[in-house]
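In the block that follows, a single chain appears as structure tokens, in the form predicted alone.
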């Protein structure tokens, strides 16, 4: 087993034990939300960190999937698995239709194009009152159930969400280590050079955009059947900005960075509740400090810390050995 899979296996084992160590179920809820954000951040990191394509409208795919399965299962009585499948299909289909013209743009123009799409979808969620419930939201969405098993408790749903997050992380990890991953990094470095070398840049960009939207759609479906209620505010421009911040703060082109960014920015507001009058100021100061002193993101900081700890252990081991290398026989 290589180091990448060993690290993921250790993380999965730790995630399996965490629910039994929490002081109360409130933190379990926060961990479920952080798992949903992890799925979204990993998918967005494939697009932004590896392919170098900016997106400021990813909350739209998150919302399209949530509303689709919510409407079909809650309003029209579809089975949950069918509603989720429809949500995933619609989000990825819309992502493809958006990607074909939008990914011909570059830089700020691409960011503005995705931003416009996100705003349009958000307005539809608000204004299509008969379909979506408008600003009041959509209620009556059933809990997730598979083969008659209803996942009604937070602990059960925690394992569903983090199980999905780990499987999607493994998929992303295999992708970035493949030939396609190398092509995406080449596009990020120089799209013109990659094209000259024979990389079908447009096809790869469309693929990673649709894949990233699929990750967001999985998160949206799981969210809808967890809270059993969706409203437009959850899928606003602010959510798209939060996802981008998770990717950048965690570390661009680092899947573990996406996980760290999602966990950190989900738990940080909870840690700052004790200073509610100044939490926004402290929140902003922490983000600024992270970007100033960790330009490579939290993943870079974790690597530095790990390297320092390993160095200290090596020095301690060397200091504990006799100068002559051992006693004579």
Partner chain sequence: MSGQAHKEMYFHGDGISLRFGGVTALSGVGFHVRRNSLQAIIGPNGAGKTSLFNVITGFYRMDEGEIHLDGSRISGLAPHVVSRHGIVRTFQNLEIFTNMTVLENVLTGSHLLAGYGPLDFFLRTRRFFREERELRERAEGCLDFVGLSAHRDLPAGQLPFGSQRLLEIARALAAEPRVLLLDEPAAGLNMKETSALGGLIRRIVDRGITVVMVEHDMDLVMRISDRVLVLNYGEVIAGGTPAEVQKDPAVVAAYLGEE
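Everything quoted here is computed from the prediction, not taken from an experiment. Residue numbers count along the first chain shown, from 1.
Omitted from view is the form predicted together with its partner chain, to which the following refers.
Contact annotation for residue 76: none of its heavy atoms lies within 4.5 Å of its partner chain in the predicted bound form.
Using a 4.5 Å cutoff between non-hydrogen atoms, residue 177 counts as a contact of its partner chain in the predicted bound form.
Interface residue remark: residue 86 is not counted as part of the site for its partner chain in the predicted bound form, having no heavy atom within 4.5 Å. At the 4.5 Å threshold, heavy atoms of residue 182 reach its partner chain in the predicted bound form.
Residue in contact with its partner chain in the predicted bound form (any heavy atom within 4.5 Å), chosen from 199, 248, 164, 206: 199.
Exactly one listed residue, out of 242, 94, 121, 194, brings a non-hydrogen atom to within 4.5 Å of its partner chain in the predicted bound form: 194. Residues of just one listed stretch (169-177, 141-149, 228-236, 156-164) have heavy atoms within 4.5 Å of its partner chain in the predicted bound form: 169-177.
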